[in-house]
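A single chain comes next, written as structure tokens; it is the form predicted on its own.
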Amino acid sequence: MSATLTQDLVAADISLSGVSRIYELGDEKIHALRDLTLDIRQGEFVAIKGPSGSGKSTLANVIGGLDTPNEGKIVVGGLDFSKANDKQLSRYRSKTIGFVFQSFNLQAHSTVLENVLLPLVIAGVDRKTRMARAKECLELMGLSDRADQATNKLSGGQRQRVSIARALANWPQIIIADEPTGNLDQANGQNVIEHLTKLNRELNITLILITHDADVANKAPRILEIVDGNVTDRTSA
């Protein structure tokens, strides 16, 4: 385990109480989340499983600070979202959370290293430190030999591992992976899940995995099944 990667890690327990998220489309109200209450402890690996439109991505987005609930309370690592100002929420999104997306969201014509460096540049980290951090993240993902290669020359599995390395760059306490295997074949998908699981196990990073795939969800010790904004909490077999 890397001492560098864990030196700033503090407990970031997640608590949602009575959270509802309603979208209005014309005269129609869509209840993406319904009076949802749950707790996720620092270091847990949790899968959020459900069909398209069930509310699983909305749940991930409110935990990640990308969306605001209409009702209820969210507290992560002592930060009460309802009382936080824009600066505090922005820092939370950039420092506490690492996001991994189905579509990778990489700069296609930039190199692997440049992609991983980007959040560190935005955060104002000095050049020596950000280079060391980016290279460490790439080493963790088995991509050190690809650092100078353009990301559009990589396979889908390699690109997803670059996105995980980028998510790690600011040493988050929580990684939210939204359908990270959705664009991958079975072998590459399995490889990505193994890398994410290793980060959870060895670095104690909370892993929240969003998926519609039961086989992927069953990799997690804890599964939240969500249908029509309601959650059932169970553990995998």
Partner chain sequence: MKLRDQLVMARRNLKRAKGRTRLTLVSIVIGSFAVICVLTITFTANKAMSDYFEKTGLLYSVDVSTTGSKMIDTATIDKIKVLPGVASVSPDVNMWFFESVKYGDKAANSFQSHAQSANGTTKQIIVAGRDLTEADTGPMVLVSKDIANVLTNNNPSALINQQILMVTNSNYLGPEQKRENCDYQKNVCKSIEIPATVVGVNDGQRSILFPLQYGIDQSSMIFYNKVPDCRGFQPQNNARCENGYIIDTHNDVLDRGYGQLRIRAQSGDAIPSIAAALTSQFNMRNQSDLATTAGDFTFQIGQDILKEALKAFRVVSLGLLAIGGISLLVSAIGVINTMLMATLERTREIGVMRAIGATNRDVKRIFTVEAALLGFMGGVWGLLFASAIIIGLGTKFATQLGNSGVPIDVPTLITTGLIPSSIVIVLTTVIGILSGVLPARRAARKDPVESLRYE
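The shown structure was predicted, so the numbers you read here are calculated from the model rather than taken from an experiment. Positions refer to the first chain, counted from 1.
Quick note: we don't show the form predicted in complex with its partner chain, though the next part is all about it.
Its partner chain in the model of the complex is not approached by residue 71, whose heavy atoms all lie more than 4.5 angstroms from it. Not displayed here, its partner chain is kept clear of residue 83 by more than 4.5 Å at the level of heavy atoms in the model of the complex. Contact check for residue 61: a heavy atom falls within 4.5 Å of its partner chain in the model of the complex. Its partner chain is not shown here, and in the model of the complex it never comes within 4.5 Å of any heavy atom of residue 78. For the three marked residues, 103, 110 and 166, a heavy atom of each sits within 4.5 Å of its partner chain in the model of the complex. The partner is absent here, but in the model of the complex a heavy atom of 67, alone among 39, 185, 35, 67, sits within 4.5 Å of its partner chain. Contacts between stretch 104 to 125 and its partner chain, counted in the model of the complex as any heavy atom lying within 4.5 Å, involve 105, 107, 110, 114, 118, 119, 121, 122, 124, 125, listed in sequence order.
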